[in-house]
Structure formats: C-alpha cells, structure tokens
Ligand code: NAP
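Listed next as structure tokens is one chain, alone, in the form predicted on its own.
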C-alpha cells in the first residue's frame, strides 16, 4: 500500500499501459481518475475495476492537447475525487508514416498529444498544486523509441526523446516547490497498440531476439515501476528517465 489514499490522475487510462498503471495504483491504495478521449465504456470498466479493490474512482473525458479541457479535467478531479497527489502523463498516439510522406497535420497532431499534452497537463496540475501548497509527483510515459531508430517514426520518436528534456527541466523548476518529476520509457509492451507486432510471424521474432528477457512486457510491469516513482520510496529521485524494456539491446 505504497500509495495509500493518494489521488492519482492517469491520462489515457482506459486501455493498455494506462489501464495497467491504474490497476497497480489501486492495488497500492490509490484512488484513481481515469482520463479518456473517446471510449467512455472502456474507461468506466477500468474505474469499476479500481472500485472493486475498495478504492474510489472516476472517469473524466478530456483531450490532453486542449488547455480548456485539461483545466476542466483537473478541477473536476480535484473537487470530486480530492486534491491530486500524482499525475501520470500516459496519453499518447503512434502512427507509422514514412518521412517523405509525413503531412503537416500528422506531425502537428502527434506532437500536440505526445509532447505538448505532457507539458500542458503538468503545467495545469502544478499551478493548482502549488497554489494549494501541496506536494506531488509527476510521471511521464515515454517510449523505447526515445533511444532507438525505427522506420516511419520521424515524428513519433522526437516527442519521446523530448519528454526526457521536458522531465529534467520541469523537475529543476518544480521539485523545489515539492513536486517530483520522472519519466518511464516502456519497450515492447503487449497492448492493442502493439498487436500488429505481436501477431506478425516475421517481425515479432526479430524484435524478441533483441530483448534480453526474450519476451514482451505486460502493462502492469510498467505500472509497478510508475508506482515506485510516484511513491515515497522514490523520495530522492527526480528528473530521471528509466527504460522498462526487458533489456532491449542497441540503446
């Protein structure tokens, strides 16, 4: 129960890694707000799972790239679930587009969600927490692609590497105010976003051959590391980035 009675907001919490984080947080004693953009039913299923552990939960719809929606989300969680102690910036999108085919719209939307969204949610939360003189923790969810070159990711990879710089610089400014900031870079995690890899008889063996543990990770394995960063056990860790990738070679 490392997060007993803490209030956590998990963006993109309705599926995949976000759901794994929400589940681990609930088991560690946290009350969880599950953010989503489209699938209200999936978000409510996660919230119900959290309630099944005896914790409180709520769902909240918001586009993390829209300041007005983010401000409304933070205020709604703050008033209905309680003052937010932990923000997990997990919401993200991935598309695979060859560099020469990449459009302005594809670049802008992906960077708005994956990088600007992290900054925006963090700023809105930090302003609210500092005004209330509350301490807290932020965990940004990046990707192994911050350290690896994969085809068709000239728009995606820079957002994840940018999260490292965002994490360090945010930490330098808000840690003295009581809010730690860290980053987790997952490797190949078995989710709907990686389903095409997991089901490919040609691609999957090539990827697994690069991973020391020889398997894909599970969302809850990422959740355990995020919970550690968010807990008091990591009280002397801030501005750090860690790869949760099963020992993916070639970093």
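What you see is a predicted model; the values in this text were computed from it and never measured. Residue numbers count along the first chain shown, from 1.
Absent from the display: the form predicted in complex with the ligand. The rest refers to it.
- From the list 97-105, 84-92, 175-183, 126-134, the contact stretch for the ligand in the model of the complex under a 4.5 Å heavy atom rule is 84-92.
- Residue 109 is the only one of 76, 168, 116, 109 with a heavy atom lying within 4.5 Å of the ligand in the model of the complex.
- When contacts are judged by a 4.5 Å heavy atom cut-off, residue 209 does not count as touching the ligand in the model of the complex.
- At a distance threshold of 4.5 angstroms between non-hydrogen atoms, residue 38 is in contact with the ligand in the model of the complex.
- Using a 4.5 angstroms limit between non-hydrogen atoms, residue 243 is distant from the ligand in the model of the complex.
- Within 4.5 Å of any heavy atom of the ligand in the model of the complex lies no heavy atom of residue 204.
- Within 4.5 angstroms of the ligand in the model of the complex, the stretch 1-34 places a non-hydrogen atom from each of 12, 13, 14, 15, 16, 17, 18, taken in sequence order.
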